[in-house]
Ligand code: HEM
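A lone chain, given as structure tokens: the form predicted alone.
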Amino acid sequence: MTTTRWLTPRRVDLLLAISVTVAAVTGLVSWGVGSGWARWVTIIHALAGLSLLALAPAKLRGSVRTGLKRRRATRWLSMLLGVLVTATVTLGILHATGLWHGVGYWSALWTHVLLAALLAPLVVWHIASRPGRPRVTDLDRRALAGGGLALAAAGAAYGVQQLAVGDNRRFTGSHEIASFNPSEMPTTMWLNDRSPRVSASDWELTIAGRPVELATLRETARPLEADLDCTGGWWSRQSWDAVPLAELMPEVDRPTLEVTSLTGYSRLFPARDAPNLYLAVGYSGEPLRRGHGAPVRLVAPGRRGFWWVKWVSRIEPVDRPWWLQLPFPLE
């Protein structure tokens, strides 16, 4: 009995829907988490994505061939869906293996995320418009066996990928770039954030309503090794010249600290995390570059790069819960 006879189109569609859903959820989670348990989320994300490739032959031999013969007007949308899925998974593999990092600021990972976002409505349409939509009852022993084979193939492909990549990747999936070499570290921005053109002599920084002189920060800063892990798919370890925020903050009775950039960008942190937050004015004994957040930026070990607020101008205790914010800022 061939695989295509027992792994029916409806079973294949159900397995593909599960793989796409798992890939989307784990992709978003791994993109935002910088602590060690992100390793498992990243692995599950990779297996879900590679499972799509493993299931592709069954999809092509089944409903794709039949659908193209019918020449429905919507077949072009189905073909676009197939192209986008292939491109999204391929970009994920290119990023994971380091074969292609992207062009300039536009990384392979960001393109992968963008295409995944474009895929979401097409996947929903594809499932909802099928005359024989998959049902929960399709998740029977044959479907589980087919899913198991696809997962085994994905696991083998992932193992080969890891052997090829070696130790360059961090547990988040990011590749190492320019550690302890700040002049070569990329200067990336979060979405539409822009580097302000204000000189250090005119910079104003307030912490809990009190002005703090940059000269004071420079005098008290001491080396701190920490990994900046960017959502663009790279990480870099630097020796930051930094001051613990706990040494600069008065005693506060509010649950949250809001760290705000001169650009208006801000993030909320639990006040209890102050001992693990730092204000950096340089790295390896030299001042920060403007693209890296000069004259002062936040260093937040264990968090992804979009938490490391650049060009810090204000830190205030607030009453809002720290989690009452978008997981990924929109500006």
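Source: prediction; values computed, not measured. We number the residues from 1 along the sequence you see.
Here the subject shifts to the form predicted together with this ligand, a form of this protein not shown in this document.
> For the three residues Leu52, Ile93 and Arg169, verify that every one has a non-hydrogen atom within 4.5 Å of this ligand in the predicted complex; reply yes or no.
All of them do, each having a heavy atom within 4.5 Å of the partner.
> Would you please decide whether Ala46 lies within 4.5 angstroms of this ligand in the predicted complex, comparing each non-hydrogen atom pair?
Judged by the heavy-atom cut-off of 4.5 Å, Ala46 is in contact with this ligand in the predicted complex.
> Can you check whether Ile18 is within 4.5 Å of this ligand in the predicted complex, heavy atom basis?
Ile18: no, not in contact with this ligand in the predicted complex.
> Tell me, yes or no, whether Leu109 is in contact with this ligand in the predicted complex, where a contact means a heavy atom of each within 4.5 Å.
The answer is yes: Leu109 has a heavy atom within 4.5 Å of this ligand.
> Residue-level question: is Gly27 within 4.5 Å of this ligand in the predicted complex, judged on heavy atoms?
Residue-level check for Gly27: yes, a contact with this ligand.
> Between Tyr158, Trp100, Trp125, Phe180, only one gets a heavy atom within 4.5 angstroms of this ligand in the predicted complex; which residue is that?
After the contact test, the surviving option is Tyr158.
> Taking 4.5 Å between heavy atoms as the contact cutoff, choose which of Leu151, Val89, Leu81, Ala221 touches this ligand in the predicted complex.
Contact with this ligand in the predicted complex is made by Val89 alone.
> Counting only non-hydrogen atoms, which stretch in 210-218, 116-124, 243-251, 141-149 is within 4.5 Å of this ligand in the predicted complex?
Heavy-atom contact with the partner occurs in 116-124.
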